[in-house]
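Just one chain follows, in the form predicted alone, and it is written as structure tokens.
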Amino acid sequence: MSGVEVRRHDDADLLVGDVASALLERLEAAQARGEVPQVGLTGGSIAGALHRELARRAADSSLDWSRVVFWWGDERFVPAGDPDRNALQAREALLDHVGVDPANVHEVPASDEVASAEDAAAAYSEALREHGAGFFEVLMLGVGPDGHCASLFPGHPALEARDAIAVAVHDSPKPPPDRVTLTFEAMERCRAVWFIASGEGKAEAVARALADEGSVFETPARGVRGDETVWWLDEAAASAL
């Protein structure tokens, strides 16, 4: 796929270390320009490893974590204390350890806070309108074996959402069934989109996403591009390229 950079790493540990270094450098540069960078976080095992590595490096970094604003590309519509929540995972691995400003952490409302996923999507959209910069400095995304990204799944109605920031997703093929996700339109407002994928189980989806031809309806990860788009892969995830 033209206009997309692929960075390959021998293993997951090297992948995580490289992404952590690049993210810290990018956020430090934004702060040096006088900006308060806004970041979209993702979930999953490789994201968890990245969050722990960022927390480990925090003391040696010049980044002012209190001047970084955090969002999520998607969230599971479950109670706030549910371990499946991407936000809870990020708090436990990173955000609770690096001196963030709580006012700069914008979570999708949980199922014990609002009545429906639609209400959560509406509240999250309003938060982005009020507190967002209009773009993400970096939006980090994973990719599923089926080619989904955030909670945009193959064949699902959310793929066709227009003039919306975040929407509810029901009947997800991956549990839990109810979710909230940013739309394609919202995710395209990025200085950088970084896909992070590890493991042979992702290889076929990565190859479909990066192929010269293909359908966003079948492989949603094809549909997200930033001013810069980078796929960070270990050799297992890149093995079908």
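Numbers follow the displayed sequence, beginning with 1. What you see is a predicted model, and the numbers here were worked out from it, not measured in a lab.
Another form, the form predicted together with a small molecule, is not on view; read the next lines as being about it.
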**OP:** Please state whether all three residues 137, 186 and 229 have a non-hydrogen atom within 4.5 angstroms of the small molecule in the model of the complex.
**Re:** no
Subject >> One residue of 174, 67, 57, 191 in contact with the small molecule, assessed in the model of the complex (non-hydrogen atom, 4.5 angstroms) >> reply: 174
Subject >> in the model of the complex, the residue from 63, 30, 46, 210 that sits within 4.5 Å of the small molecule by heavy atoms >> reply: 46
Original post:
Counting only non-hydrogen atoms and a 4.5 angstroms cut-off, does residue 167 reach the small molecule in the model of the complex?
Top reply: no
Original post:
Quick one: does residue 38 come within 4.5 Å of the small molecule in the model of the complex, counting heavy atoms only?
Top reply: no
Subject >> 4.5 Å heavy atom contact, residue 117 to the small molecule in the model of the complex >> reply: no
Subject >> Distance check, residue 179 to the small molecule in the model of the complex, heavy atom within 4.5 Å >> reply: yes
Original post:
Just one of 90-98, 72-80, 107-115, 154-162 has heavy atoms within 4.5 Å of the small molecule in the model of the complex; which?
Top reply: 72-80
